[in-house]
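You are given structure tokens for the same protein chain in two forms, set apart as structure 1 and structure 2.
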Structure 1
Amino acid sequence: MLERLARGAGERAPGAALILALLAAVEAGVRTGAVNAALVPPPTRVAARIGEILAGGEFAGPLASTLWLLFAAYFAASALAIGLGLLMGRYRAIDNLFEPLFELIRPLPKPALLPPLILFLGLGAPMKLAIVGLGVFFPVVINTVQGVRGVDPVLIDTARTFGHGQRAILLKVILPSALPFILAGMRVSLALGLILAVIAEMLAGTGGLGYLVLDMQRSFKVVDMYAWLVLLAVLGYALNAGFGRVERRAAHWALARPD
């Protein structure tokens, strides 16, 4: 374990050195006046501000509001997409019914739907939930359908031979087999959901991490802007890493398969 950690650190040493060198160059540039401090604050001041935000608990409110928005929409839309995707993948008639509509809506860049959603739902939570949910829905439903279609028919026949009903086959054979595909879609959706949450917060202007970054820029609080930006990046990183862990636990058998 320790040995692996040490080796990992050795692997990463050049990369860490590069990042530190870049930060030091910016710091030196600002201090010598080569870089305009009004536009690029010294990294040490940003770091100090991040420390303040974390220590003072200032981050809790905006973080909670962004996370609530993201997770509520993400889980609701994913559940709906998986359910519909299972049915579409299994029953040709249902697929025929929805596929053309989805193919029509899917290529539309979802942020473009924000203005009409604002017209109908206003600037509050329903609008934000709707746009994040829309963004999350499509990658998950498409991957679910693809995953269901890829299920080995022998598995299904075997289950049928043992007298399992349609419901059991769907939930106990097809769903687990399609899981790696579903999770791949959900991973894409998580990143997309965060992007949409941030832009919805920016346009709505009522709170959350995305709003703060834009607001700080507009009031020229550059240090604050970068501090919140770093926190948002950490959130993105943590979400992706967290998802990776969940994925490894839920579908370890599929990921371990050599390809």
Structure 2
Amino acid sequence: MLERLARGAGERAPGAALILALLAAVEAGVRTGAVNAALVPPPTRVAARIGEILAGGEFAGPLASTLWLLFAAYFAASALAIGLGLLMGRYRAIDNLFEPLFELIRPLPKPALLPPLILFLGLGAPMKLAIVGLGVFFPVVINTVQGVRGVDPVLIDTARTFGHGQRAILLKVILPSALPFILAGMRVSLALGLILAVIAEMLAGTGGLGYLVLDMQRSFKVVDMYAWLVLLAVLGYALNAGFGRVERRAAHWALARPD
């Protein structure tokens, strides 16, 4: 365990060193006047403001709002996408029914769908949930379909030989075999969902981390704006790292790396 942690820290050390070097360069640029401090404050000031935000508990409310929006849409859209993707990958008739519609909507940049969603749903929670759900849905359903189609036919034939029905084959053979593809789509969708949640909060102006970043910019509170941006970046990193751990546990046989 300790050896694995030490190896992980060693692997991340160059990346951490690069970030620190960039921050030091920005700090030096601001202190020497090469960078306009009104537009880019010193990282040390931003770090101090982040400490104040965390110590004062200001982060809890906006974080809870953003995470509720993200996870409510993420899990609902992922569940729908996995179920539909399994059926589309397994049955040609269902794929022929939905594939043209999906390929028509999928290439659209999801923020471009905000105007019609606002017309139909307003600026409240339904609009925000819908735009995040749309962003999450398509990568998951596409990866699920591809994962189902990539299942070894021998596994299916073997299960059929042992007397398993279509439902058992779908849940006990096809779903586990397609799981690495599904998880890859869900990991991509998690980042897309966070992006769209922030955009929706900025547009709706009803709370959350996205609203705070925009509100700080409008109020010319530059240090606060960068502080909230850093916290948002840390949130994105933590979500990705957390999902990576879940992915490695759930599909360890497909993601194992040689030492």
Partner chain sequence: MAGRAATPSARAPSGRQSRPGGASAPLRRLAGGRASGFALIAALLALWQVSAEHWVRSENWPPLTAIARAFLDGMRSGELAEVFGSSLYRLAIGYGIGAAAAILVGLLMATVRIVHRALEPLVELLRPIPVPAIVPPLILLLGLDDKLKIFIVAFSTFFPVLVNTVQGVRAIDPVPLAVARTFRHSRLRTLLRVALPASLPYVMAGLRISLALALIVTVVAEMIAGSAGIGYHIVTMQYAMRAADMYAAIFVLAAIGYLLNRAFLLAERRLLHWYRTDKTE
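The term rigid core refers to the maximal set of C-alpha atoms that superpose within 1.5 Å between the two forms. Throughout, residue numbering runs from 1 along the sequence of structure 1. Everything numeric here is computed off the predicted structure, so don't read it as measured data.
Item to complete: Mark the structure, either 1 or 2, that is the form predicted on its own.
Response: The chain shown second - structure 2 - is the form that fits the description.
Worksheet entry | Post core alignment: A238 C-alpha displaced by 2 Å or more between the two structures | Not so; A238 is displaced by less than 2 Å.
Worksheet entry | Cα shift between the two structures at L18, which is computed once both forms share a superposed rigid core (Å) | Shift of L18 at C-alpha, rigid core superposed: 4.2 Å.
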